[in-house]
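We begin with a single chain expressed as structure tokens, specifically the form predicted alone.
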């Protein structure tokens, strides 16, 4: 594929460049979404930045803790170089926690804040899939479909393209719900549901998927759980909204 970009004497890693640009666009989108939803853009932007920075630091520190023997005699190696060595799950947990406590400190409404964060989050996931596609670390199962791509001299499903299409579908759902009078939080829950459901299907075409001891796709299990939880919460929010409207109507009469 295209793991590097040559610009004269400079050789830039495609994935790293995309991550930087993707982070900038994602944060900009979060700020714009906050304005559209009538929220404080600076505070919502702060949540996103805090989660991003916390996630990067957490991912690096978790990696260093797991492989402590490689760092115990070279503590400077924990902070440099930073081009490799991150733990996804450690970064995810610490990043979410950092954003959560920032929002609590500034007393932001959780559901409305999540609605504003949703497009930035999904766009970030699209960027990850695009980087995966261009840099080439991930690949799909063997196939003969007309739209297959050649990787490692074999025709394979363009699984990263499928992931990008899933992300675009989730962004469309968010965009549609944003302009409707939905309950705060529903735009986030429904767009994440669509993305999770799509990844549940798409991951079946990934040849280098994370597998459990029993051979199950770990990402499919996580996607299924996230989709079920989000759909359940969205239904509960809808029922609560209907009940409130009924109570308000009865009080007015």
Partner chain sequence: MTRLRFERMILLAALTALGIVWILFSREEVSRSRAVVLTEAPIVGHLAPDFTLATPLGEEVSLTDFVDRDGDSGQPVVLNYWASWCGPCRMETPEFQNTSLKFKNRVAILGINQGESAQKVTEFGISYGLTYPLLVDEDSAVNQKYGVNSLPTTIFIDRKGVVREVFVGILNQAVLEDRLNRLLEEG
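Residue numbers count along the first chain shown, from 1. Since the model is a prediction, treat every value here as computed from it, not as a measurement.
Not pictured, yet referred to below: the form predicted in complex with the partner chain.
Can you tell me if residue 70 lies within 4.5 angstroms of the partner chain in the predicted complex, counting non-hydrogen atoms only? Looking in the predicted complex, residue contacts with the partner chain include residue 70, since a heavy atom lies within 4.5 Å.
Residue 139: touches the partner chain in the predicted complex, heavy atom cutoff 4.5 angstroms: So residue 139 counts as contacting the partner chain.
Indicate whether residue 231 is a 4.5 Å heavy atom neighbour of the partner chain in the predicted complex. Residue-level check for residue 231: yes, a contact with the partner chain.
Is there a non-hydrogen atom of residue 220 within 4.5 angstroms of a non-hydrogen atom of the partner chain in the predicted complex? It does: once the partner chain is placed as it appears in the predicted complex, residue 220 has a heavy atom within 4.5 Å of it.
Could you tell me which of 203 to 211, 38 to 46, 25 to 33, 51 to 59 sits within 4.5 Å of the partner chain in the predicted complex, going by non-hydrogen atoms? It is 203 to 211 that comes within 4.5 Å of the partner.
With the partner chain left out of view, which of 107, 150, 180, 74 would have a heavy atom within 4.5 Å of it in the predicted complex? Result of the distance check: 74.
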